Each structure stands twice: as C-alpha cells, then as structure tokens.
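Next up is one chain by itself, shown in structure tokens, the form predicted on its own.
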Amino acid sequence: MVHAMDVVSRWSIPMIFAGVLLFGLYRRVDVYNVFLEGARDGIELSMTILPYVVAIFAALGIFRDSGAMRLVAHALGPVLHRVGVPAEVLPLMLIRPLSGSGALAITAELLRRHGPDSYVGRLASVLQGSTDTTFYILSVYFGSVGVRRIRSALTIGLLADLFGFALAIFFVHLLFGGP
C-alpha cells in the first residue's frame, strides 16, 4: 500500500501536466504560445506585487529588530501562560499573520530546541497549520488588484487568526495534555 501511494504521489504531477498538454492538443490550442503568454502575465504580476512584498518584509524586520515583538511578547506572556501557551510559542503567534517564512523559521527552531513530541513542538506545529499570513495576503493580493480599503477584510482576517489560535491551543491541550 505504501509503495502504491509512493508511485501515485511521484507520478501525479507529471500525469496532470501530460493530461493538460493532451487536452490542449485535442482542443487544437497552441499550447506553447498559451504557456508563454501565461509566463509573461506571471512576470508582469510579479512586478506589480513586488513593492507590496518588500513593504511587508520591511515592516516585519522593523517590528522584530526594534524590540517591539519582544515587548508585546513580554506583555502578553503572563496572560497566555494561564491558558496553556508557553512563552516560547508567543513569537510564532505574533509573526504568523505577518510572514509565512518567518513563522516557519520560528517553528523549525522550536522543534529543534524542544522536539516535535513536546507540548511546545506540537502546539507550534498546529499553530503553524491553523492560520494564514493575513497581512501578507492582504498586501499582496489586494494590492495587486488595487483594493485600498481593507479594514473589514483585515478585521475578519485577524479574527480568523485569533479563532485559529484558540482552537489550536484547545485541541492540542485536549489531545496531548497541558505543558
């Protein structure tokens, strides 16, 4: 069974690619020119969203390097400790809405330091998968289509992050016990 799943996972992308090519040939589509047009559009889109990506990474760097993240973590630490959130996980909760790669780096460090089977490791893993990069999504996707008023989307996104964090903490505590 494991071998069959390995074969399927290894060949699924090439088979989808071949299927798209065969379907395009069947429909008499100039597949190569359509591919080039899509690649050109992708490059143009990349140039459109690049300033937004640079802005979010600059803001994240300023937030982290200024010590603001440390101050927020220090202020929220005692409150979150009461609900079963170790202080080590708090930077992950602060960075996750801003940067997926930054949050992944924090998660990797927590897993390396505490181990994947520790409460901190399990909580960090579930937190990593329970939310998304709200500010990054809003700045890149909304910025690429010219949406300027994002207040409602930001509120809903941050509430979804809080809800995801709360459920992650609840279920890790329920399934694996507290710290």
Partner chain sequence: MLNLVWVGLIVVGVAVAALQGHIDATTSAAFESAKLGVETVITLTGIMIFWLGIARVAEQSGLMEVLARVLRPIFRFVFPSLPRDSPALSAILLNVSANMLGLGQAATPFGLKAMQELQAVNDQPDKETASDAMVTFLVLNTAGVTLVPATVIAYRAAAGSRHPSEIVAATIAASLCSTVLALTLDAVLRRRRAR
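Since the structure is predicted, the reported quantities are computational estimates derived from the model, not experimental observations. Residue numbers count along the first chain shown, from 1. We call the rigid core whatever largest set of C-alpha positions still superposes within 1.5 Å between the two forms.
We do not show the form predicted in complex with its partner chain, though everything after this point is about it.
In the predicted complex, its partner chain sits within 4.5 Å of a heavy atom of residue 95. Remark: residue 83 does not count among the residues lining its partner chain in the predicted complex, judged by a heavy atom distance of 4.5 Å or less.
When contacts are judged by a 4.5 Å heavy atom cut-off, residue 79 does not count as touching its partner chain in the predicted complex. Residue 104 belongs to the set of residues with a heavy atom inside 4.5 Å of its partner chain in the predicted complex.
Shown without its partner, the chain has 13, 16, 17, 20, 21, 23, 24, 27, 29, 31 in segment 13-33 as residues with a non-hydrogen atom within 4.5 angstroms of its partner chain in the predicted complex. With a cut-off of 2 Å and the rigid core superposed, residue 148 has a Cα displacement that falls short of the cut-off between this form and the one not shown. Core-superposed comparison between this form and the one not shown: the C-alpha position of residue 117 differs by less than 2 Å. Relative to the superposed core, residue 17 undergoes a C-alpha shift of no less than 2 Å between this form and the one not shown.
By 3 Å or more, the C-alpha separation between residue 69 and residue 162 grows in the predicted complex relative to the form shown here. Legend note: Cα of residue 142 to Cα of residue 63 is at least 3 Å farther in the predicted complex than in the depicted form.
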